[in-house]
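The chain that follows stands alone, in the form predicted alone, written as structure tokens.
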């Protein structure tokens, strides 16, 4: 029997099987198609064989790290959620995917990673509590910086010139995108009828985190909650395809019933990787402390009594809530 494909993705939270939209999209597509995956829900990208999440370990093509490439690989293995779509429905899929990537995704990045209140009180707080020590001291900030750079690439140089005006316009377009999705879905179970397709996996992965997260500043979230059919749509997918592993684990539910095979965080080299993570994390923390000036080395002058000991100065940081 061939070894199952292994999917590495961010762990669950907020009542979701994974808090990361890209990981959630791949997980949902796999559930839709019944692809036999061994899922590793991890709390650090360093536990992934590629250093990125999501990542799929395959027998023939090695490690695949990009979400769309993972879905394409699953299609090649005959796990195709779009097999029964007509040419018109396939064209609609491309159009809506483009709409989501252009109008909704940038605002979602802003909502979770750029909005100061949401980032400090919700996003960074979750990752800092979930990522193991000592990585939780710097990985959230690294992820924050990466998302800022991604957003600047999407919005261009104008973003820094008139940030408030641009945000207002882009949030308006994101609300219009949600309204259009609501109108297209209507009273249907899925976007193309009674069977889910790849578009459903993508839409769900974008909407569910926005719906389930407890955001202190929920401008776009409130609009989503006003569209009842989209809320019911997300709730239905969670109950149908993730009844026992939506976010926090439920006690007393047999895990062997999962449709995508064994799911665990076990790693054959777990102890070695943990020790390596601690060592690298300590080095990175010390390097960051010296570069940022939190800790500095003062050289004392050499007096008659000999060389004076090196003094370390430490600045007290403001405690995060």
Partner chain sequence: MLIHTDLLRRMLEVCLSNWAFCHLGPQLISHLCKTGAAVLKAMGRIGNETVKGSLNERPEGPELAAEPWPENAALYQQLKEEQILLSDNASSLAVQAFLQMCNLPVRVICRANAEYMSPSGKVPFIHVGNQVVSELGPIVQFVKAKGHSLSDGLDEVQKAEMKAYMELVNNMLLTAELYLQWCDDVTVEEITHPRYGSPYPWPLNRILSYQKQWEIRRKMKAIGWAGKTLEQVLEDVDQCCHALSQRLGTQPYFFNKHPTELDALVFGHLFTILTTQLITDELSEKVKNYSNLTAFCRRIEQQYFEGHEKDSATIAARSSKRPLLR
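These figures come from a predicted structure and were not determined experimentally. Residue numbers count along the first chain shown, from 1.
Although it is not shown, the form predicted together with the partner chain is what the next lines describe.
Residue contact with the partner chain in the model of the complex: residue 165 places a heavy atom within 4.5 Å of it.
Mapping the unseen interface onto this chain, residue 76 falls outside it, with no heavy atom inside 4.5 Å of the partner chain in the model of the complex. Looking at residue 241, you'd find every heavy atom of it more than 4.5 angstroms from the partner chain in the model of the complex. Mapping the unseen interface onto this chain, residue 143 falls outside it, with no heavy atom inside 4.5 Å of the partner chain in the model of the complex. Contact here is defined as any heavy atom lying within 4.5 Å of the partner chain in the model of the complex, and by that definition not a single one of 57, 82 and 231 is a contact residue. Only one segment in the set 132-140, 89-97, 231-239, 206-214 has residues whose heavy atoms sit within 4.5 Å of the partner chain in the model of the complex; it is 89-97. Exactly one listed residue, out of 219, 189, 225, 172, brings a non-hydrogen atom to within 4.5 Å of the partner chain in the model of the complex: 172. Contacts of stretch 175-195 with the partner chain in the model of the complex, defined by any heavy atom lying within 4.5 Å, are made by 176, 180, 183, 184, listed in sequence order.
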